[in-house]
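Shown below, as structure tokens, is a lone chain in the form predicted on its own; questions about how it binds or moves come after it.
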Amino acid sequence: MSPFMKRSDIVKATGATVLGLVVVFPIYYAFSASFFTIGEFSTYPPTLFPSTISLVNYIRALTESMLARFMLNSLVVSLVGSLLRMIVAILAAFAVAFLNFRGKQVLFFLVLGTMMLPGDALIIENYLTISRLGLVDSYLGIMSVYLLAPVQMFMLRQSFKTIPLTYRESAAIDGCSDFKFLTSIVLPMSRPIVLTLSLHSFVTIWNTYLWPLLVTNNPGMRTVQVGITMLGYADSLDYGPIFAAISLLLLPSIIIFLLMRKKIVEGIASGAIVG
């Protein structure tokens, strides 16, 4: 290997390290600050390490607010919402990839076209619709806007297109219905991309803030992203419970990434194949 290539590798490694630190530092500071006392938030120069390790801020976050209820609401909305979202995306992708019907391509591109519509432009109309249906302050009202996912449908369609059509023809000859073909052959062969998109849907819904804020008025129906804002006051330096709540909020995403990182990379790679 030439010296130039070695220098190039060093530059790449340095750049990757710097970018990694930029990404990791806010996460580290959130966990570190969750153990700070009030005085440590006002020290100069700012400190990055807590003087003592105490769970007082975590206990306060759980006892001085409805954080446990907020996390339960987020868990229900994220699990059920991501499940329904994936069911819709899988059925739509299967229809586009394997079934032949009039207007299939037009319908497919119309659904993809919704990706160009910013969510903020539709939020008022979505709220009016949910309000007319009487779904304000309900789990269904919170998760309803996440049920259609063009990105998931597109990536699943790309993955399904890599499965030879001869598989479906052979299954049909053996008397296999389309639904059984989907559940017995297509989904097992597409497990990495399905798992990756399911995890992505869960994390996306879990981290959503604006829509749950608008569609919930009852404090008991708030999600954790909204509930965290109820822990602090503008004129107080007592940020410890807030950072403790943020740390609890980050844990599901971090655990999912650490446990499933190989599957996530494999799923993204398989979903990027164009059939």
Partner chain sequence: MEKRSARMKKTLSPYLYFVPALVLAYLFSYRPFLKTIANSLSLVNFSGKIIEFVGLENFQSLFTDRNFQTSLVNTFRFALFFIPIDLVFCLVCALLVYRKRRFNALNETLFIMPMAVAMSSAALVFKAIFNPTIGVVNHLFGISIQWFNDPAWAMFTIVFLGVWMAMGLDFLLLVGALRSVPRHIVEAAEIEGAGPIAKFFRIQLPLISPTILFIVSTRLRDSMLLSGPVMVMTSGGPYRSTQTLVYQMYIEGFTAGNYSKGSAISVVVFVLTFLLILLAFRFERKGVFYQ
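Just so we're on the same page, rigid core means the largest C-alpha set that superposes within 1.5 Å between forms. Numbering follows the first chain given and starts at 1. All values reported here derive from a predicted model rather than from experimental measurement.
Below, we refer to the form predicted in complex with the partner chain, which is not included among the displayed structures.
- Here the marked residues Ser32, Glu64 and Tyr139 all miss the partner chain in the model of the complex; none has a heavy atom within 4.5 angstroms.
- In short, of 190 to 198, 159 to 167, 69 to 77, 122 to 130 it is 122 to 130 that has heavy atoms within 4.5 Å of the partner chain in the model of the complex.
- Proximity to the partner chain in the model of the complex, defined as a heavy atom within 4.5 Å, holds among Ser42, Ser51, Asn218, Ser54 only for Ser42.
- Within this chain, Pro118 lines the site of the partner chain in the model of the complex, having a heavy atom no more than 4.5 Å away.
- Shown alone here, Asn207 lies within 4.5 Å of the partner chain in the model of the complex, counting heavy atoms only.
- With a 4.5 Å cutoff on heavy atoms, Ile27 counts as touching the partner chain in the model of the complex.
- Under a 4.5 angstroms non-hydrogen atom cutoff, the partner chain in the model of the complex has Ala92 among its neighbouring residues.
- Once both forms are fitted on their core, a CA shift of 2 Å or more is seen for Tyr29 between the shown form and the other one.
- In the core-superposed comparison between the shown form and the other one, Leu210 has its Cα shifted by less than 2 Å.
- Core-superposed comparison between the shown form and the other one: the Cα of Ile38 travels 2 Å or more.
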